[in-house]
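Read the single chain below, which is given as structure tokens and is the form predicted alone.
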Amino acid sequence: MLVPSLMDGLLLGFVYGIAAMGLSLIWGVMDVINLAHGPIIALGMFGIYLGFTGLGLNPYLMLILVIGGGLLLGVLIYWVAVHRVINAPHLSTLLATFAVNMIIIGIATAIFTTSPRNVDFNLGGFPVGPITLPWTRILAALASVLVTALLYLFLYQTRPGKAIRAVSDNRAAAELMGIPTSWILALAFGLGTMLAAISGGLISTFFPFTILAGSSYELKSFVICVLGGLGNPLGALIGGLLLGALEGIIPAFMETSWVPVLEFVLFVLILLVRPQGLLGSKT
């Protein structure tokens, strides 16, 4: 039982990784902890659900629309709620993104209620020796790897990506070099929310969900960011794999209800022993 559970956990860990990568990207570029991350993950789930049930679209085709919608939503949230408090104390940005959190949950609850939804999409399984891996999880893991690779290519090989890195390193110097920092910060925030929406869309293909489901994945993203190193996207992916492996191993030895307990014990231990995470810097 351990091997299938571990494989499932690792495949799920890739998706956890890109959810945390969005949170980590926003923090690394603008020192903002996005408390609206969970509802955006849930909106990604409902985007796939509405496209699949209402329009009959393939979930992976609908994911393209979710990507665009997540990017635009992130840019909108930045200009409406974050831009004016970007240089304020951290409490101001926390309250701003928390307000967005409550607005999204309130509106979405009124529209969708809190009834569980499910994307009934089954592609069968892929046999690997004595175990069979669901194709939905394999494709979600492959999509996560592809998204990670494209993000790195964007950040390191394109002019806007290099501008994001410059603003992250030194915002004042980037402004002196003529980089429009406000628009670059909006783009970075949009990319972070886009990653959250992608992870939600992928998760919707194998778990039931409600509009409140994103909160649990937001908490997992915090654990992963601390584990991998807050502000380090690659660390977020590695942290996601470690957390996914942990979720796969624990149920083989004890009740599933112990999973969140041990996850947050790990969270506290990392903060005590290595607060910068596995790949984070000390400064």
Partner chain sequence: MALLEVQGISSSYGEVQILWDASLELERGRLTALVGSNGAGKTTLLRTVMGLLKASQGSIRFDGRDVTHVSPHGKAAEGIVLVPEGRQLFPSMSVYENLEMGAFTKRARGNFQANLGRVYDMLPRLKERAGQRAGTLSGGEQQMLAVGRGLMAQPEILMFDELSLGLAPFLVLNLFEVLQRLKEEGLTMLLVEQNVQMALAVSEYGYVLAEGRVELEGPSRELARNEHVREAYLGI
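Numbering follows the first chain given and starts at 1. Owing to the predicted nature of the structure, the values given are computational and were not obtained by experimental measurement.
Omitted here: the form predicted in complex with its partner chain. The next part is about that form.
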Exercise. So which of 153, 173, 72, 99 reaches within 4.5 angstroms of its partner chain in the predicted complex, heavy atom to heavy atom?
Worked result: 173
Exercise. Are any of the heavy atoms in residue 159 no more than 4.5 Å from a heavy atom of its partner chain in the predicted complex?
Worked result: yes
Exercise. Is there a heavy atom of residue 163 lying 4.5 Å or less from a heavy atom of its partner chain in the predicted complex?
Worked result: yes
Exercise. Would residue 116 count as a contact of its partner chain in the predicted complex, using a 4.5 angstroms cut-off between non-hydrogen atoms?
Worked result: no
Problem set entry | Contact test in the predicted complex: residue 130 vs its partner chain, heavy atoms, 4.5 Å | no
Problem set entry | Segment that reaches its partner chain in the predicted complex - one of 202-210, 72-80, 177-185, 142-150, heavy atoms within 4.5 Å | 177-185
